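Only one chain is shown below, in structure tokens, and it's the form predicted alone.
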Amino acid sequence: MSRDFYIFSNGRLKRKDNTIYFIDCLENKRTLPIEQINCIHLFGEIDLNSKLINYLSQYGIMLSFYNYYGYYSGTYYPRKKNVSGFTVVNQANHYNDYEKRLYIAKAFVDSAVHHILKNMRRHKEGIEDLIERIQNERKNIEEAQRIDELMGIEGRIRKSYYKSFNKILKSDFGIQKREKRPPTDPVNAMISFGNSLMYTTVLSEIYKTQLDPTISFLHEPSVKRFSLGLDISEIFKPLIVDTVIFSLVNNRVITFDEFDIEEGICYLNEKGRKKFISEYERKLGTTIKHRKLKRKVSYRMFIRLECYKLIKHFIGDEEYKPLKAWW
């Protein structure tokens, strides 16, 4: 079974014959078995060449790059092998038809809110008023007539949600407001880091399907990003990333020692990133008994299934109903 590899050290990634090696700056060599690689995440300063890229492309392996602070920079996305012009044409048709686009965008937001409320109800003491506020705001989703209106509703819901973090999180961790560029406190740093991981995970699952990652519905398609990854991430951020943060903080796995602040930017240091990724991977591998498939399915597979449901919707097989966790 393939898995993600994370490289934190500086060094060189190279192919020799049919093997991938990572050689760090002290000339320590580590072998990466090509058949077991799903995606490689590069946090250090890494040298690589076209020979390596060509080899990774044969296996459909993505490379995701992160900057000095551990925040997402970009992804090398190999040429897709799972292609279907029929699916892409129909995916584009659902974008061009505003009513159809709005239906999918609403589904993404409503699913995200379902998972937000699920998190809050697990820690409802002291945040009953915020839960009620979000429940009332949720009623406006169905009435929204435009995407920007829908984004406004989602923004207000997330504002209330992040306020609840100050009650959900134990110890001295807290958040005044959501800050992305740049994060200035540990909670914002974890949200940004986790959301970056979520985006790359979703992107790697989209790659395995026939979906075009550039045609999105909630976020506006752009020439510089795979915006469908942002759309689908909305569903899974509260379900995976936020619960990872709650677990790390409330079980005192992560402390303030795992954060650094430079020039006003707060970020997880290497020790903190390793702890976060360990918990994140554990969460992705957690399995749940699927009600329709009658078998255990991992959180990662739930992301792939969401892609398949979208394909069925686009080609007219089955109306898209977003995931709403029942467990």
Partner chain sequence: MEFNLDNFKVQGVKVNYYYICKRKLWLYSKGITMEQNSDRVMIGKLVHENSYKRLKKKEVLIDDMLKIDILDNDYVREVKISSKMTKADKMQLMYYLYYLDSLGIKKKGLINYVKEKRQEEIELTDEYKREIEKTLIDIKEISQKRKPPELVKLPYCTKCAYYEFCFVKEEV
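These figures come from a predicted structure and were not determined experimentally. Numbering follows the first chain given and starts at 1.
Keep in mind the form predicted together with its partner chain is missing from the figure; the text below concerns it.
**Student:** At 4.5 Å by heavy atoms, is each residue in R138, I141 and I157 next to its partner chain in the predicted complex?
**Tutor:** No.
**Student:** Using a 4.5 Å heavy atom cut-off, which stretch among 245-253, 157-165, 180-188, 206-214 contacts its partner chain in the predicted complex?
**Tutor:** Among the listed stretches, the partner-contacting one is 206-214.
**Student:** Of I288, I46, L32, M301, which one comes within 4.5 Å of its partner chain in the predicted complex, counting heavy atoms only?
**Tutor:** Only one option qualifies, and that one is M301.
**Student:** Using the partner position in the predicted complex, report whether R282 sits within 4.5 Å of its partner chain, counting heavy atoms only.
**Tutor:** So R282 does not count as contacting its partner chain.
**Student:** Would N82 count as a contact of its partner chain in the predicted complex, using a 4.5 angstroms cut-off between non-hydrogen atoms?
**Tutor:** Residue-level check for N82: yes, a contact with its partner chain.
**Student:** In the predicted complex, does I315 come within 4.5 Å of its partner chain, counting heavy atoms only?
**Tutor:** Answer yes; at least one heavy atom of I315 falls within 4.5 Å of its partner chain in the predicted complex.
**Student:** Check R12 for me: does it contact its partner chain in the predicted complex (non-hydrogen atoms, 4.5 angstroms)?
**Tutor:** R12: no, not in contact with its partner chain in the predicted complex.
**Student:** Taking its partner chain in the predicted complex, which residues along 308-327 bring a heavy atom to within 4.5 Å of it?
**Tutor:** Going through 308-327 in order - heavy atoms within 4.5 Å of its partner chain in the predicted complex - the hits are Y308, K309, I311, K312, I315, G316, D317, E318, K321, P322, L323, K324, W326.
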